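As structure tokens, one chain now follows by itself in the form predicted alone.
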Amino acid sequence: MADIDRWLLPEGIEEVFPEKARQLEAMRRALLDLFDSWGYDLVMPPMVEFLDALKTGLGQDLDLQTFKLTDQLTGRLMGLRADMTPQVARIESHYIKREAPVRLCYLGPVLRTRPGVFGGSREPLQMGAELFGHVGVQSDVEIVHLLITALELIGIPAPNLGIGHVGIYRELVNESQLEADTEEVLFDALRRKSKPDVQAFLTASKLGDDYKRMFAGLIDLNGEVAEFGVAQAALSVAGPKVQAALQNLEQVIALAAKTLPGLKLYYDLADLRGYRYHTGMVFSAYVAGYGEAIANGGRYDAIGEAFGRARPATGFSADLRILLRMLVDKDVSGIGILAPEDGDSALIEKIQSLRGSGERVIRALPGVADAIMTCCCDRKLEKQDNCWQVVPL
């Protein structure tokens, strides 16, 4: 291997250098403090678990995303976590076991076999919040509210929020009695929002005209929430479970608009992201200039069933690395105070006081000129009238 190749990292794996690392850490601390102020308790799941636990529930969808290895102590297959949500559900179901609603949050790295988006990282820094034990629209809207507040806190104001409900499509499939293999073809076409493929499928199918019309119309049932009545009218002949899902989505939209009056909210009934594990409303946050969602969430009831407790749940997650890209770059490399190499007790006390107040103070080292330190400091400590003062560098 050439010497230059020794420094290469695997594709989709990246280092974080000091300036960005400082920003990421500041975001992490601010977000965890925010979650705590809302009553969300921090949990820290392990990086590696036995594979059957990681694949339980929504983890089944993550099988191809999971790096696998053999435990040398037991011979059992283990996996490096590709998503922390199944782990948090296991903790809530198996260990916490409270009847009251439980609010949990998490923030840490996950590892995936392939990036979630083109050019993305295979080592996201995943943060999220989950609310267990409540089935009402109030908990769904609390999760949406917390996400919007978190984005605003770190400097991403006024995102667009797309909202849908996977129960609408799921119940249409059940009502129309589509077979599983056939439904996979339709699902794939709808997920890609390919009208020609959807139309070709429906033309060849033996579905009734009403179901053909409703399935074909899902792609176009999106827009401003003020126009949600168009979707309700288009699906008016669907059965009671579809109507219940539409009503639930309407209630979520109404409460979200009331709770967050400035939120740019729209609906999308063909958004089937997370269809295999979500059970109700789903949502995605977007910002101008970035083609992918920067955060996703929704309801996934019965997630803990495999762990002994079928608890209702709703939550969201995001990659802190992606959120950092959304921020305007700030030059933080020169923020600091240079302190001279001096044994003066008053200087030492001044340094301790500044550090205690949150300032960054860097001691000079013998043989290093002050001019060289301008790369990491913008001020310095200087003795004036027998008193140490902070002055511009």
Partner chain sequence: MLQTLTIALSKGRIFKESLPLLKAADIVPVDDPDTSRKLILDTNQTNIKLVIIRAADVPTYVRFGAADLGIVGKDVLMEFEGDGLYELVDLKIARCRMMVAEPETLAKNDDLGRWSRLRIATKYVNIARRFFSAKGIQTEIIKLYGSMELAPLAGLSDRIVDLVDTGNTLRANKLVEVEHIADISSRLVANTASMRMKHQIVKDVVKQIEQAVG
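Residue numbers count along the first chain shown, from 1. Every value quoted in this text rests on a predicted model; they were computed, and no experiment measured them.
Below, we refer to the form predicted together with the partner chain, which is not included among the displayed structures.
Site annotation in the model of the complex: the residue of G79, G274, G167, G162 reaching within 4.5 Å of the partner chain with a heavy atom is G162. Among F316, F307, Y266, F201, the residue placing a heavy atom within 4.5 Å of the partner chain in the model of the complex is Y266.
Comparing 279 to 287, 122 to 130, 68 to 76, 99 to 107 against the partner chain in the model of the complex, the single stretch with non-hydrogen atoms within 4.5 angstroms of it is 279 to 287. For E224, a non-hydrogen atom is located within 4.5 Å of the partner chain in the model of the complex, even though that partner is not displayed. Taking the partner from elsewhere, K195 is found to have a heavy atom lying within 4.5 Å of the partner chain in the model of the complex. For E292, a non-hydrogen atom is located within 4.5 Å of the partner chain in the model of the complex, even though that partner is not displayed. The partner chain is not shown here, and in the model of the complex it never comes within 4.5 Å of any heavy atom of E183.
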